[in-house]
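Read the single chain below, which is given as structure tokens and is the form predicted alone.
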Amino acid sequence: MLKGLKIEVCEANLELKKQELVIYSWGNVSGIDREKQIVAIKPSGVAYDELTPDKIVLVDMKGAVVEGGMRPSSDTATHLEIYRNFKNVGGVCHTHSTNATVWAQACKAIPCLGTTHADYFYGDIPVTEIMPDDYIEKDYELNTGRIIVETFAKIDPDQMPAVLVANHGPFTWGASPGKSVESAVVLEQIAEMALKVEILACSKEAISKTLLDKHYLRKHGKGAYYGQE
């Protein structure tokens, strides 16, 4: 069942290890078949060196396992909440990559300080509110997804495929599992750059709206002209 999606999700998870965004079994990538309403996701606690497509778990939109002999990622409920609310998302990625997690643990949004950032993310990378105790004590993973969705009440998730969960770490997404990993790779890069800029010039202001629009929209806007036809 959905063999192609399982292969795609497995390869995306392995790319996290290749890009050095994860260690041991930390992190996970999922993908969704919107027509069948089935999500493929990494099994919980399985090291990347041991991961193969046949170990990828399939769940329905309520989190029930429909195929696979292993327990799905403990973050499955978070992924599902993102899929339920962000309709164009085809893949979700969660890591504890060092620099992005530093910003998350500091509970600070990553400011858009330059064009490298603006090429990919349309503005500051948002950080969620700190989760209240009742969100943590019951349905923690589901509530992690809910607080992400709440953070995007006035933000377009298609223009901002990343979020920092306060005191926790980053979640990213994209049109496919591979694109969600690409978002995570770029996020880690701009997180490191922004951290170093903060050290060198702690009062550095965000780039102008004009420059932000130019760099983001030339790649992603209606009249985008970056790349090939």
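Throughout, we count residues from 1 along the sequence that is shown. All values derive from a computational prediction rather than experimental measurement.
We do not show the form predicted together with a further copy of the same chain, though everything after this point is about it.
Contact with a further copy of the same chain in the model of the complex holds for none of Ala77, Asn85 and Lys87, as no heavy atom of theirs lies within 4.5 Å.
Mapping the unseen interface onto this chain, Pro157 falls outside it, with no heavy atom inside 4.5 Å of a further copy of the same chain in the model of the complex. Contact between Asp119 and a further copy of the same chain in the model of the complex is found at the 4.5 Å heavy atom cutoff. Proximity of Leu113 to a further copy of the same chain in the model of the complex: non-hydrogen atoms within 4.5 Å are present. The closest heavy atom approach of Glu198 to a further copy of the same chain in the model of the complex falls within 4.5 Å. Contact annotation for 98 to 137: residues with any non-hydrogen atom within 4.5 angstroms of a further copy of the same chain in the model of the complex are Thr98, Asn99, Thr101, Val102, Trp103, Gln105, Ala106, Lys108, Leu113, Gly114, Thr115, Thr116, Asp119, Tyr120, Asp133, Ile136, Glu137, listed in sequence order.
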